[in-house]
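A single chain comes next, written as structure tokens; it is the form predicted on its own.
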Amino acid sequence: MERGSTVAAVAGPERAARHHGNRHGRSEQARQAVLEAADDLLVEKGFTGVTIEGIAARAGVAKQTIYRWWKTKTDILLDAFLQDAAEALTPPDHGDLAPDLRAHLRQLALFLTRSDAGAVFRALIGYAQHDPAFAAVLRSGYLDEQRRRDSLPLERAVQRGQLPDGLDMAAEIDRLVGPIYHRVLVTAEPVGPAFTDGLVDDLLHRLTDGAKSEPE
């Protein structure tokens, strides 16, 4: 969703123009307006301050319009977040593992800490602690799909011969992105480029430099 300069800076110039035009007619415009309104209200008022009534008023639509697509405000926020994540968190392909991972982890850290979508994610994680059914939906809707995206640089590196076959992708992804989520959600420590680049350097040392030093 287009929600100001912070998100545009995180996701790139094409994101800022996302809602211009009317490719899908008034219905799609209304849907996008609802998603944007929900995110804006969450940032302004916090999770408990977001209501269906408030979203409808901010988006300029009737509540009945909202209920055609979603049952709860949490459903709206999750849809908004999933859309943002798919657009902003697909890793680049520079043809080389190191720049791919550095760019992706920097983007992930920015997305989680400086964008409205990151605020939505933190709120959804908090809500999921009290609703097991929603937690399962969040895992399948975002976490599983994001792990697939996070794996792309490693998979491409295996295909290029930069990494060995048989790599435990799940374990390596946990080592890469786990510390970022831990700082964002638990310790609130900074996750700047020095930190994320260090995670990449550690992986490269283990998987590439370490392999070179092994005896024949």
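Start at 1 with the first residue shown and count on from there. This structure is a prediction, so every number in the text was calculated from the model and none was measured.
The same protein also exists as the form predicted together with a further copy of the same chain; that form is not shown, yet it is the one meant from here on.
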Problem - Close approach of residue 58 to a further copy of the same chain in the predicted complex, 4.5 Å, heavy atom - result: no
Exercise for the section: State yes or no: in the predicted complex, is some non-hydrogen atom of residue 54 no more than 4.5 angstroms from a non-hydrogen atom of a further copy of the same chain? Expected result: no
Exercise for the section: Flag residue 189 as yes or no: does it have a non-hydrogen atom within 4.5 angstroms of any non-hydrogen atom of a further copy of the same chain in the predicted complex? Expected result: yes
Exercise for the section: Look up in the predicted complex whether residue 178 has a non-hydrogen atom within 4.5 angstroms of a further copy of the same chain, and give yes or no. Expected result: yes
Problem - Which of 152-160, 32-40, 167-175, 64-72 sits within 4.5 Å of a further copy of the same chain in the predicted complex, heavy atom basis - result: 167-175
Practice task
Just give me the single entry in 82, 103, 137, 125 that has a non-hydrogen atom within 4.5 angstroms of a further copy of the same chain in the predicted complex.
Solution key: 125
Completion exercise
Applying a 4.5 angstroms cut-off on non-hydrogen atoms, the residues of 185-202 near a further copy of the same chain in the predicted complex are 185, 186, 187, 188, 189, 195, 198, 199, 202
